Ligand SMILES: NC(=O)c1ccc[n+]([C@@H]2O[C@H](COP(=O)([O-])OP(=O)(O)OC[C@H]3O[C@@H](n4cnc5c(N)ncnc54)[C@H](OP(=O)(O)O)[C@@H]3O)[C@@H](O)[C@H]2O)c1
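There is one chain below, alone, in structure tokens, taken in the form predicted on its own.
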Amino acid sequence: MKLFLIAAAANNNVIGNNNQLIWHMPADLKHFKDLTMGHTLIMGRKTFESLGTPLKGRTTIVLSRKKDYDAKGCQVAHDLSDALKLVKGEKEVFIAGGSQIYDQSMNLHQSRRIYLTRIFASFDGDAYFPEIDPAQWELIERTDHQPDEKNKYAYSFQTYKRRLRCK
């Protein structure tokens, strides 16, 4: 199984504040949908609750330490190891946040790619995407975009591939 991390992060690696996205970037939302449609998403409880509902066309596994947590329409796992057991037969699975889940996933040997939308602005926030270590990750694709009437900030779709195997 291959794990792909998918996120949008500001220049200062902020991904959210108070369990909410800070920006509204329709191009990023479309990019996320195009990449993840038909696949399984693994996300933390807070990320799931910020969405409010499972995303159509995708299987969602929610990580929660709460033993009685119920996420309607989703599977629940109590740690990343349990979530990975649930998707053992799948070829590609996406890690969709938040900060703690990205931190836990970044160095797993199954983590093969990072799909990062870089928002070219800095924001105050309380959730961060981990630093991408260039010794472990190689930027293999980058498409830059200027702001437009729907997307307030300049941004870039970036794809990283793992250089070295870890853990």
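As the structure is a prediction and not an experimental result, all values here were calculated from the model. Heads up: residue numbers just count along the shown sequence, starting at 1.
What comes next is about the form predicted in complex with the named molecule, which is not displayed.
Visitor: Given that the named molecule is left out here, which of 45, 39, 112, 33 has a heavy atom within 4.5 Å of it in the model of the complex?
Guide: It is 45.
Visitor: Consider residue 154 of the chain shown here, and say whether it contacts the named molecule in the model of the complex, taking contact as heavy atoms within 4.5 Å.
Guide: Output for residue 154 is no: heavy atoms all beyond 4.5 Å of the named molecule.
Visitor: How about residue 100: is it within 4.5 Å of the named molecule in the model of the complex, going by heavy atoms?
Guide: The answer is yes: residue 100 has a heavy atom within 4.5 Å of the named molecule.
Visitor: Counting only non-hydrogen atoms and a 4.5 angstroms cut-off, does residue 80 reach the named molecule in the model of the complex?
Guide: Within the cut-off, so yes.
Visitor: Is residue 50 close enough to the named molecule in the model of the complex to count, meaning some heavy atom within 4.5 Å?
Guide: Judged by the heavy-atom cut-off of 4.5 Å, residue 50 is in contact with the named molecule in the model of the complex.
Visitor: For 11 to 30: residues with a non-hydrogen atom within 4.5 angstroms of the named molecule in the model of the complex?
Guide: 15, 16, 17, 19, 20, 21, 23, in sequence order.
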